[in-house]
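Consider the single chain below, provided in structure tokens and representing the form predicted on its own.
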Amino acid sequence: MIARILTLFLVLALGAGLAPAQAQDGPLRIVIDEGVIEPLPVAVPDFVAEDARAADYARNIARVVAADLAGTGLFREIPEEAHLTTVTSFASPVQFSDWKAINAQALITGAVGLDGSGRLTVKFRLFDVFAEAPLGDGLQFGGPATSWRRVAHKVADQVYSRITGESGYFDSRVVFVAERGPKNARQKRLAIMDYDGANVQFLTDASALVLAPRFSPTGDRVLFTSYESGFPRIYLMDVASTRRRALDEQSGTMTFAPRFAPDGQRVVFSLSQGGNTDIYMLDLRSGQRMRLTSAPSIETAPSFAPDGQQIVFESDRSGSQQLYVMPVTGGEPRRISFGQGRYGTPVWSPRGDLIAFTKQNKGRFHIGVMRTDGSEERLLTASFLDEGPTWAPNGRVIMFTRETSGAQGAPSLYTVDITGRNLRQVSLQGAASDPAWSPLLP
């Protein structure tokens, strides 16, 4: 299985356009010119309840771990009814022959305890079944029982990381616009959820139109655009308290499309005044504003590179909507999109190697990615309306809005791997749009 894991990691690297990596345990290098990912069979038996009160948590945590892994498209859970043995003690030796017989290549075992104060303790181990050896040390997580899903996501992140060599993304949240009502009179509220659509909480009411929420680098604040004054205006909200304040209130202007800098202390956004729309940067500490573009065209949807040194944005200065990159200090932008159609809503990958975007061409909308110089463009989706990509914290998965056509059409949230595989709809009640992924939670 170790060889299989290395091969899986290299296929992942190839799909992301990365150079094959050196194996951690030796100098072996394997060059893969082409490959298809076959999901890795993994067994996730119910975790052992260390006392009766923990029984439901033990089963539910194991189910979330399994769902996280299977949802990536890289793993296939072997159903419980196929198991030949039952794990009844976390300390008991693993009967590897029973798991080999059902072709489980990875095995996850765990145990859950619940103390009198309502605090959970969750232990887990990951095994390479065919090598009959653990993959890394066992780990233990703790937290209040109400946070059991977070604990499960943390376990899944550890498993994902050990097998793929990449950081996980399950213990994260998404802020989005929850929608309801008819298409021509839709109400919109800011909401937040776990990455998989669970634990939805509303951050605003439906009294004013809200758009384009964006997380801070620490995940504790959100920028968004609201029309509560009758014109678009940027607001900054503290997620825990939902307290908010307007930013850069200047008479006669409209502000929108905000996004944090990697340091969390600056905000880049579009400002419209006198019929002209340019990109500005605001220092949240001093309130000082700096203009970054000055052109008669429309400049909007700015996004920082992870190192904070460059900004990608969309502009129609060439006569159609295209993507440009410029230094964070301003200066002459460099066009990076040259394919057919129009490009918008660019977002720099957390890894710094790719830019995701929305593309409209021949009546179809696409989510795509390209290198930061515009090369190697790949379209990952195609539909009546796909737009607004946002990156998972590890730069492996993109979430976006897909809207169906017709009078009854409504938006939903979808995810897709950066290879274009594993397109999935996020499970939510009601319509949703404008997702923005948080960093991994602390």
Partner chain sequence: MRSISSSIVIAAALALSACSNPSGMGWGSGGAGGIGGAASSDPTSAAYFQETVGDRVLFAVDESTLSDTARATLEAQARWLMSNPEYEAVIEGHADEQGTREYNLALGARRASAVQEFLVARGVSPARLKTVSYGKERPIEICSVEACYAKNRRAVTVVTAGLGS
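Numbering follows the first chain given and starts at 1. Being a predicted model, the structure only gives us computed values, none of them experimental.
What follows is about the form predicted together with its partner chain, which we do not show.
Residue heavy atoms within 4.5 Å of its partner chain in the model of the complex occur in exactly one stretch of 200-208, 122-130, 282-290, 152-160, and that stretch is 200-208. In the model of the complex, Q360 approaches its partner chain with a heavy atom inside 4.5 Å. Interface residue remark: A91 is not counted as part of the site for its partner chain in the model of the complex, having no heavy atom within 4.5 Å. Within 4.5 Å of some heavy atom of its partner chain in the model of the complex lies at least one heavy atom of P296. Remark: K183 counts among the residues lining its partner chain in the model of the complex, judged by a heavy atom distance of 4.5 Å or less.
Candidate site formed by Q321, F365 and S433: every one of these residues places a non-hydrogen atom within 4.5 angstroms of its partner chain in the model of the complex. Q187 is the sole member of S167, T372, Q310, Q187 with a non-hydrogen atom lying within 4.5 angstroms of its partner chain in the model of the complex.
When its partner chain is considered in the model of the complex, only one residue from S226, S172, T109, T277 comes within 4.5 Å through any heavy atom, namely T277. Residues of 245-264 placing a heavy atom within 4.5 Å of its partner chain in the model of the complex, in sequence order: M254, F256, A257.
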